[in-house]
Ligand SMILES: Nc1ncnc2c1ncn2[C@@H]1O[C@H](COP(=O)(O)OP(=O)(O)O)[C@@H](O)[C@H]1O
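For reference, the chain that follows is the form predicted alone, supplied as structure tokens.
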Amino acid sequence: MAPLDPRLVRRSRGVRRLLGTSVLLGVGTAATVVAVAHLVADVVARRFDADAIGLLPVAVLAGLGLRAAIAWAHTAVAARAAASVKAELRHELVDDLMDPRRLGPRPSSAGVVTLLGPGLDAFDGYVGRFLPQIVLSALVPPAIVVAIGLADPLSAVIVGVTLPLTVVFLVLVGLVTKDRIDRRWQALERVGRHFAEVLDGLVVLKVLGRRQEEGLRQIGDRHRRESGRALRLAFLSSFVLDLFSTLAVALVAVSVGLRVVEGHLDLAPALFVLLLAPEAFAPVKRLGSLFHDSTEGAEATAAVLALLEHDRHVGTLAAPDLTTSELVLDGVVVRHDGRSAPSLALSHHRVRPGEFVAVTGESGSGKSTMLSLLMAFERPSAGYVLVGDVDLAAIDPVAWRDQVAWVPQVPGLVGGTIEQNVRLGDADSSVGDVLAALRDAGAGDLALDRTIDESGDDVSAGERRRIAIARALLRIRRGRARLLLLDEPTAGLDAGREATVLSTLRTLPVTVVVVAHRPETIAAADRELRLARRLVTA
């Protein structure tokens, strides 16, 4: 885990501005530290020799005030930058997830929710405190070592040797901490995922008499233990960093003190060195204490950038007319990360315009993957999907999906009436069009003004599918769609409503591709396309 991910610098204007401002303020901090140390040493040496000090105390106070002002400005700029970067990445991530040109599998909902919530909240520590401190640690110690070297080369050698050792220890702490923070982050995701799964299956769990208090308690305790281990490591590393820096300053103090006593070093440069030696280690110590506060933010940064960096559609061609163009799947192979076998393997197959094809096969044979390909949600690892003689990858995905109606296994709903949900297929359709679509989807018994929830908890699985089928029919009949893709559309329907839906599908003047297990659906199709795990037979 790098302290600063270069991808974040390239992507975020707020981070670039923060780093630029931090460099300027870091130079100012180094200059004021050296100047104040010089003035204080000069005042003490003059008083020791009973010389006049004039306005030097005023200059010291002015220097301290300037240093405080620079520190305040740095804190304020960093806090505003953290808030800006969080908002910027949240908007970018949401826009990316909604981008029609996005390719690849859908990320875990629980992981995204965790990332957008507590994950990006950790940016306060990472962007607001840790990144500015990296700049200070890179600028201030070298400047101080140079200043010490001009006054006392031996002390500069001592600080120059011990300071890198402290940095090396900080790196070792980071390597150990990464493992702890990874475990804590995984535990946090596990809490969110488990809680979401419990809520999704709450009705079933209650019916079966299964109580989940113990499971939630165990998951929460695991997160608490990982957090405790990370905190113990943070306290221990802070102690060791303080020990290293204290011993280094003590070496400088002993060396300077002995030479002052023996008359080999004047008092003013000796005091100057003694005042600057702790300041050389202070930024690194501060960086070490902030490191543990920043690791969650760094992990969240890596997770956000991993979600944002994926393949995108680059097609710009107009979509061919599907009423006259056939679909050709030629040597298509789809592979997913983490799987040794391909998710889908097709040798060669054609779907002619207006054809009703039932896609069958055992679980894991790639039926849903094939629909994702035809929806342009994924791109084949090998082979081509052709629309007529045009590669689907070269077609504008928005223009392509304008010709497609889609009924997934678990259709989405919006909060509102059934009429509003069906009108998602075409907002300009009449009430008569909506009623006809519902009737032909076997949902003529559903009242248009019935209110349903976005979660779909107040409708049955069959009603949800029938609403989605009506939505697709409306899209087709209003002339927008020429290809209908369905994933198990008749699951959960009784025999009468299933017959109504299949009869409707048979009469549609469009190409229909349906994933099916039920023999009635397969029998209603013109042809069956049976998928195997590595081979297709038609």
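No experiment lies behind these values; they were computed from the predicted model shown. From 1 onward, residues are counted along the sequence shown.
Beyond what is shown, the protein has a form predicted together with the named molecule; the following relates to that form.
Interface membership of R423, defined by any non-hydrogen atom within 4.5 Å of the named molecule in the model of the complex, is ruled out. A residue is said to contact a partner when one of its heavy atoms sits within 4.5 Å of a partner heavy atom; S365 meets this definition for the named molecule in the model of the complex.
Proximity of T114 to the named molecule in the model of the complex falls outside the 4.5 Å heavy atom cutoff. Among residues of the shown chain, Q133 is not one whose heavy atoms approach the named molecule to within 4.5 Å in the model of the complex. Every residue of the trio H336, R339 and T369 has some heavy atom no more than 4.5 Å from the named molecule in the model of the complex. With the named molecule left out of view, the stretch that reaches within 4.5 Å of it through heavy atoms in the model of the complex is, among 255 to 263, 149 to 157, 434 to 442, 339 to 347, 339 to 347.
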